[in-house]
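Take a look at this one chain, the form predicted on its own, written out in structure tokens.
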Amino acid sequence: MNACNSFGGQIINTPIPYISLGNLTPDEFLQEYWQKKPLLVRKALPGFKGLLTRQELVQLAKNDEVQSRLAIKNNRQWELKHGPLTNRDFSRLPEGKWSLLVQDVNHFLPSAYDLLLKFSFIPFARMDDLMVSYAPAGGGIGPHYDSYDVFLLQGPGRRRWEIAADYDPKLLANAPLKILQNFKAEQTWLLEPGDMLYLPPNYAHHGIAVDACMTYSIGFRAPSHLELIIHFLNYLQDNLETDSRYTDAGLKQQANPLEISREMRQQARAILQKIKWNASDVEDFLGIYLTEPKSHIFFDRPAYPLSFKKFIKTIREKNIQLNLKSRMLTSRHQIFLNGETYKVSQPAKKNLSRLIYRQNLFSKNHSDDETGKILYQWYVNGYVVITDSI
């Protein structure tokens, strides 16, 4: 049975069903567990064998477009190597005392993108990425906590998870990772392939590989208040319009030239009170901020782009999909894609939203000029790619 999601009031059918939450519906999970307490789901994805092999994950970690880390424990000392990693990085690893972590795997594997869609009972605005980790038996990255929600889906092999809600936050000194120094588990579970553990923010957890194993971590965005404020002020800076400058035509000599005068303070206060915003500013800011590509992400434009006429003909015969690195959100009358805003009609918005689920937008007998023009702009920017029909 297909799952459903909502885009600005429009219900969209997704061809990819939600991941199992045991005997819970998505609404029940959100009400009872989301950001409240952990949930263990046995056989959340029955028969899950993972999406790539250990060697394929290692190869991905060597790619200079991929964010990867190699956490190594030598005796009691931790070492952290950042990618792109090399053959030499993997040549002298201590037995059982290391872990490889690769971020944004959904940017490189369509199957990883599809796996994220299984979690779309959580709004796309909150979704971050799919991280895949590999560890030999005994490997892990130490007890720690995250400031965001995470689903830990077990791939091949087994991992033991220890968790605690009440813990000493003191960290291990001089470690490159934020490892808890005095962690004591309150609950312990052994996860087998297809099992899944949900953890709310700030739950301490420690994953130890029982066998050589891979874990698929679905993480969600949780910006700090300060981060939101800073980015919003930057947005206002780019969108405020004022050409006026500070003036003081009635300036008088001061007894103490070092003193900031009362008149200057009053005028500065009056100027700063011009900083105003409304609901539309917040809406636009969120769409731009939440779809802005991360600093290491770049899009390749087609070297020899098709003409608009040939482009439309081609996508009717083949198919067009979002670049896996693209991020899309919608609001009332616009679509946000990769930090850019597009004012669209409701029919075009509904049609373009189907790109999230990699559905065909055009057929040989169907035409939509507005959708076609926007798609062509995205194609020239490298935000969408032409593929064979699915």
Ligand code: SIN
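Residue indices: 1-based, along the sequence shown. Please read all numbers here as calculations on a predicted model, not as lab measurements.
There is another form of the same protein, the form predicted together with succinic acid (SIN); it is not shown, and what comes next is about it.
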Joint contact, 317, 321 and 384 to succinic acid (SIN) in the model of the complex, by non-hydrogen atom at 4.5 Å | no
Closest heavy atom of residue 99 to succinic acid (SIN) in the model of the complex, within 4.5 Å or not?
-> yes
Contact between residue 290 and succinic acid (SIN) in the model of the complex at 4.5 Å, heavy atoms?
-> no
How about residue 191: is it within 4.5 Å of succinic acid (SIN) in the model of the complex, going by heavy atoms?
-> no
So in the model of the complex, does any heavy atom of residue 105 sit within 4.5 Å of succinic acid (SIN)?
-> no
Of 138-146, 105-113, 248-256, 262-270, the segment with heavy atoms within 4.5 Å of succinic acid (SIN) in the model of the complex is residues 138-146
Heavy atom within 4.5 Å of succinic acid (SIN) in the model of the complex: which of 306, 72, 312, 131?
-> 131
Could you run down 199-219 and flag each residue that has a heavy atom within 4.5 Å of succinic acid (SIN) in the model of the complex?
-> 205, 215, 217
